[in-house]
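Coming up, as structure tokens: structure 1 and structure 2, two forms of one and the same protein chain.
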Structure 1
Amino acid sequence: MLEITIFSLLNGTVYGLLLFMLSSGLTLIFSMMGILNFAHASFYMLGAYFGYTISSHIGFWPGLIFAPLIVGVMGALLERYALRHVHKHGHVAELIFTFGLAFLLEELTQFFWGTDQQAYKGPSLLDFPLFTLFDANFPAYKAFMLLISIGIFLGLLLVLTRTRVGLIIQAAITHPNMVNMLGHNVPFVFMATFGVGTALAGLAGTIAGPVMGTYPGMAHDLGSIVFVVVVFGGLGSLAGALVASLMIGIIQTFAVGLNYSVSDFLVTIGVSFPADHFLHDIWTMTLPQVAPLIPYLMLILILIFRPMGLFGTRET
């Protein structure tokens, strides 16, 4: 039991910080710019594929640098020449446009790279166990993922709260006309912010590809969860996104690791039901089976009891 607890905590933290890497970009785009970008996870997918392609030719580390930059430029151009014109028509138009864009990017990915999972491998420099506990190894690459995620959080927090650039971004969001009158190019600020947000998604994909797998459905697997993270943590709150990501990652990982069912709990308190009971399927449902539903149950609860999220200052 101790082994399951320790490794579920470690793996849950890694998964949670991966969610934060992906949701931090969406926090900038959705929470601060008010743009409903349902294609955000598609940039995560593109980051993994670009990272795989670059690493197969010139190595992992150049891919780690250039893949997020390419994705960020794509995001900035998307905002400048498409979303900027769609945004003025409201959230419904944004939703439809980005929803269609997500399908288009997935189809293009399958067209250029195929439908099979790609053999994207991490760097040989980090291909060793960081430590061994209970005859199980914890890879050094996962520790690298942890460090990158923490660095992103600290870097974004510092930029947004302690620098002139961060003050301009936040002011442009709330008072764009005033910022424009002060001589700042507000449309460029929005384009750059969107580009940075998509670059963070690309970075998450570049780093996660070797561990989580690089395949066309990877955007679909995490696409909806990142919105849960942003809403659960609170709109515009990086700290909220971090806490929400860790909560979801750790709780889901524990649910997968602990193979218990409702009937197991009922037996411990002396309650049992016959096999032909009409609720037999519910009693025998295990935690790993309900693990994918946990983020959405958490979302429902937070919207009922605290609609502004854990650290949010306005309702979603």
Structure 2
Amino acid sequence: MLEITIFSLLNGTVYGLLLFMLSSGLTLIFSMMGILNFAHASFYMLGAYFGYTISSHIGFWPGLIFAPLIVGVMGALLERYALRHVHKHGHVAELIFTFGLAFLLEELTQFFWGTDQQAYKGPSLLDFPLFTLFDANFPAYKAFMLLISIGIFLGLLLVLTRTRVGLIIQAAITHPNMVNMLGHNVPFVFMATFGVGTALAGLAGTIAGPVMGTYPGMAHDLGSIVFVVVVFGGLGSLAGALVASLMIGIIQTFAVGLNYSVSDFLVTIGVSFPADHFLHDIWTMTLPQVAPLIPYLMLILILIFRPMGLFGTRET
């Protein structure tokens, strides 16, 4: 049990912080521009594919730097030359635009790289178990993912709370017009935030690609969880995104590791049902089987009991 607890906590934190890297960008972009970017996870996918392609030519480390940069520049250009114009037609047009973009990017990815999973590997430098506990290895690469994620979180926190640019971003989230009239170039701040947000998604893809797989459906698979994270944490709240990312990451990882069902619990309190009971399939369903459903269950519960999310301030 101790083994499962320690490893689930570690793996859950790695997964949770990866979710935070994606959700922080999404929630920042939403709170600033009111854009719910359905294509956000597609930038995560592009990060993985660019990382794979660059790493197969000049190595993993250059890929780790250049792939997120390329994705970030693509995001900034997208905001400047497309979304800014679509924005004039309202939020529905923006939603449909980003929704269409997600499909387009997935199709383009399949066009250039094919539909198969790519053989994207982590660096050989980190290809060793960092430590062994209870006969199980914790790979050094996962520790590296953890370090990068924590670094990004601390970096974001420092920039947002300790720098002038961070103050401008914080103020522009709620009062863009006023910040503009004080002489700060808010459209540029928006473009840069969009660029940084997509670059973070790209970075998440670049580091996750080798362990979680690099395939065309990866945006779709993680994208819906990221939306659960931002709604659960509260749209527009960075603190909410962090807490929700870690919660969902850890809960989901624990659920996968704990092979229990309701009937196991009932047996311990002396209750049992015959095998032909009409609810037998539900009693015997194990936690790992329902693990993928847990984030969506959390989404429904939060929407019923606290629609603004854990840290949200508005009921959107």
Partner chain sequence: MSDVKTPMLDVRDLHAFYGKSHILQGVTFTVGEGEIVSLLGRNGVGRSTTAHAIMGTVDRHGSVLFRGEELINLVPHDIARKGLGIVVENRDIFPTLTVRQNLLLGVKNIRKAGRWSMEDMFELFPNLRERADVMAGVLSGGEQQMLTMCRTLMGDPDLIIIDEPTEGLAPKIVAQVASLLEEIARRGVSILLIEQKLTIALKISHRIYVMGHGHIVFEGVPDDLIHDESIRREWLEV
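Everything numeric here is computed off the predicted structure, so don't read it as measured data. Every residue number counts along structure 1's sequence, beginning with 1. The term rigid core refers to the maximal set of C-alpha atoms that superpose within 1.5 Å between the two forms.
Undergrad: Structure 1 or 2, which would you say is the form predicted together with the partner chain?
TA: Pick structure 2; the other is not the form predicted together with the partner chain.
Undergrad: How about H184 - superposed on the rigid core, does its CA move between the two structures by 2 Å or more?
TA: The answer is yes; the displacement is at least 2 Å.
Undergrad: Taking the rigid core as fixed, quantify in angstrom how much the C-alpha of R306 shifts between the two structures.
TA: Rounded to one decimal, the shift is 3.0 Å.
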